[in-house]
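The chain below stands alone and is given in structure tokens; this is the form predicted on its own.
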Amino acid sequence: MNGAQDLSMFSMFMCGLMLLIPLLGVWYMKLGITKNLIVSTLRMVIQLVLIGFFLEYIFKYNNWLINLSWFLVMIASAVLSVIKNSDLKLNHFVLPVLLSFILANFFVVLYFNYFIVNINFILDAKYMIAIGGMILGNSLRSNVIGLGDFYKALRKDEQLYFYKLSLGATKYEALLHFAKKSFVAALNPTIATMATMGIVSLPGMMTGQILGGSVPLVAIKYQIAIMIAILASTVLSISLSILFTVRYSFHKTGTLKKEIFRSSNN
């Protein structure tokens, strides 16, 4: 099988014309996000073009130190995005969330490369960065939901937390109710995607491999493996993020610190 058909400049121009559909829809409905949509699209294009040139360099030299450093940069960027989109203050959460992402994602990616793909060089750029990027991207979305919902729910129903403490529960036992709900909210999108995969949608990794020349059954094996890896990474990172951050989110009296939130409203 041959690789994917290259896209000419004319093809990319025609692709850009499709952007008029969402832009006109947003403008007509007066949603107030036209500027954000344009800026996000331009950022995406610029970032992908730049990273394309950078990845050529990484793949060419395939140095373990460069690969490892770039993966850490990817993790750090994901952590900043999670905290920013969870309405939490960066200075209170960056270290514990960063540590949780490093532990969870390094374990899953290295396990994937060594035991599943069975490559000798487990820090190989092609696998570490490509597989790691897919795992991080999906884990990021779930962590925004999980971590954000956990602290929003705790802030809103803090009296329930105190009630459980008054009944003799430990801090972690009292927080378990909120953690369970956050886990369900965070995992539901991934579970729904897995349940409809192959019938409703053909996932990105599978489609990319088929376009790149892989036979469908090989692409399917990789897609099954990556979805399980995403699920494992998501559960690990959310668990560790909540576990590590609650140590710094409460006063000695047991009350939740309001200064951890970026917004002041309840």
Partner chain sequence: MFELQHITKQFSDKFVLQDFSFKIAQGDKINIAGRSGIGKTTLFRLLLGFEQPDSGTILYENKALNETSVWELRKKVAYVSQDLNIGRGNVQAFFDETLSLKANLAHKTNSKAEIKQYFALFELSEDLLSKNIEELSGGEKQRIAIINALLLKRTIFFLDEITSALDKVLKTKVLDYFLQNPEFTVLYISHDNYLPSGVELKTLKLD
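Bear in mind the structure is a predicted one, so any value in this text is a computation, not a measurement. Residue numbers count along the first chain shown, from 1.
The form predicted together with the partner chain is left out here; the points below concern that form.
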item	value
In the predicted bound form, the residue from Lys164, Lys89, Arg141, Arg155 that sits within 4.5 Å of the partner chain by heavy atoms	Lys164
Option touching the partner chain, based on a heavy atom within 4.5 Å in the predicted bound form, out of Leu110, Ala185, Ala169, Ala76	Ala169
4.5 Å heavy atom contact, Gly254 and the partner chain in the predicted bound form	yes
4.5 Å heavy atom contact, Thr196 to the partner chain in the predicted bound form	no
4.5 angstroms heavy atom contact with the partner chain in the predicted bound form for Gln159	yes
Location of the partner chain contact in the predicted bound form, chosen stretch of 96-104, 170-178, 117-125, 186-194 [non-hydrogen atom, 4.5 Å]	170-178
